[in-house]
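Starting off, we have a lone chain in the form predicted on its own, written out as structure tokens.
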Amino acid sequence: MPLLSVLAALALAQAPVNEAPPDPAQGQRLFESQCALCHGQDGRGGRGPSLARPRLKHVPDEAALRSVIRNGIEGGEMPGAWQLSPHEVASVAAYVRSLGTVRAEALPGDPGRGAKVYQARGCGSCHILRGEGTGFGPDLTEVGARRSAAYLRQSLVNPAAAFPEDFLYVEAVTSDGRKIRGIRVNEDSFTIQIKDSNRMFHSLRKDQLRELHKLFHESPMPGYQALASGELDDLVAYLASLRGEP
């Protein structure tokens, strides 16, 4: 056989075969049979962490997500699904990606007018949006991909009714009677770190505090019950449009 023919045959044998596109429905079935025991039937967490979020720890991109599914996490409790084919791994990855994204809805408000309401109400004084604003409250850059319109409306009208994950408002009373209110940044058995409304950080030892209250039913965010219904619709539509795209 001529050398050129041999090389051509080898190149053809090594060429990647075009894979079928990932199948999220198949991915869901595989997830429910092999992943739900730790991550929950709906992916919202159990023994393992919740996967229902746009950004996942350990997986900055699609390749990393597929690698974690196939190989697990080194030094962690998650085993790899080495028995899955590349197409099955891609399908599970597609399903996992869908868990962290709320589908866009047709809403009555106007996002353009809602952006003006956002500015007029000074929301940027507490929230970061595309790198602008201050970070006392949660970052809103991709809130529309994480939260439904119903959740966003409830958060605007009654902020204390639904808090973001890991968000907690606290009040510490120091030994000299000084009160510090703010967002819990970090906490362990001996210390707590709080960021107050002036964006000042306080690192406090618990054994030096007179009192420490976790304000589960309070929020630093004012409610917007007084907004006209049209303005509220517009603001909800604007927040729902924030899906992380540039």
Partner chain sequence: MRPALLLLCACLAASAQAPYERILNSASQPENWLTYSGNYQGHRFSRLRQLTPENVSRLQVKWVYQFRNPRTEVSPLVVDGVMYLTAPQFAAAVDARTGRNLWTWERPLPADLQTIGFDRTNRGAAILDGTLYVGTLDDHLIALDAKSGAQRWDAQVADYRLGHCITVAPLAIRGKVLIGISGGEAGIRGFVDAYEARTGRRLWRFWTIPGPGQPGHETWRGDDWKTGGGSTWVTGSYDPELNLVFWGVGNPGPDMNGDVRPGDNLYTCSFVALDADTGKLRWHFQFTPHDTHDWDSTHVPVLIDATFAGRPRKLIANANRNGFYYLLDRTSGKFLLGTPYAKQTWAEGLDERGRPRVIPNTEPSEKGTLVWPSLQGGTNWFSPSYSPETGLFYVAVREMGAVYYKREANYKPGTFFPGGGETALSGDRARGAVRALEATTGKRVWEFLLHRPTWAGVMATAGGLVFGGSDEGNFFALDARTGKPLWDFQTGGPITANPVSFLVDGKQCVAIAADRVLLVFGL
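It should be emphasised that the depicted structure is a prediction, and the values quoted were computed from it without experimental measurement. Positions refer to the first chain, counted from 1.
Separately, the form predicted together with the partner chain exists; it is not shown, and the next lines address it.
Partner contacts here mean any heavy atom within 4.5 Å of the partner chain in the model of the complex, and among 133 to 141, 78 to 86, 150 to 158, 91 to 99 they occur only in 78 to 86. Using a 4.5 angstroms limit between non-hydrogen atoms, Phe190 touches the partner chain in the model of the complex. The closest non-hydrogen atom of Phe201 lies beyond 4.5 Å of the partner chain in the model of the complex.
At a distance threshold of 4.5 angstroms between non-hydrogen atoms, Glu218 is out of contact with the partner chain in the model of the complex. Within this chain, Ala36 lines the site of the partner chain in the model of the complex, having a heavy atom no more than 4.5 Å away. Taking the partner from elsewhere, no residue among Ala172, Lys195 and Arg210 has a non-hydrogen atom within 4.5 angstroms of the partner chain in the model of the complex. The contact with the partner chain in the model of the complex, taken as any heavy atom within 4.5 Å, belongs to Arg205 out of Arg55, His58, Arg205, Arg178. Although the partner chain is not shown here, in the model of the complex the stretch 35 to 72 places heavy atoms of Ala36, Leu37, Gly40, Gln41, Asp42, Arg47 within 4.5 Å of it, in sequence order.
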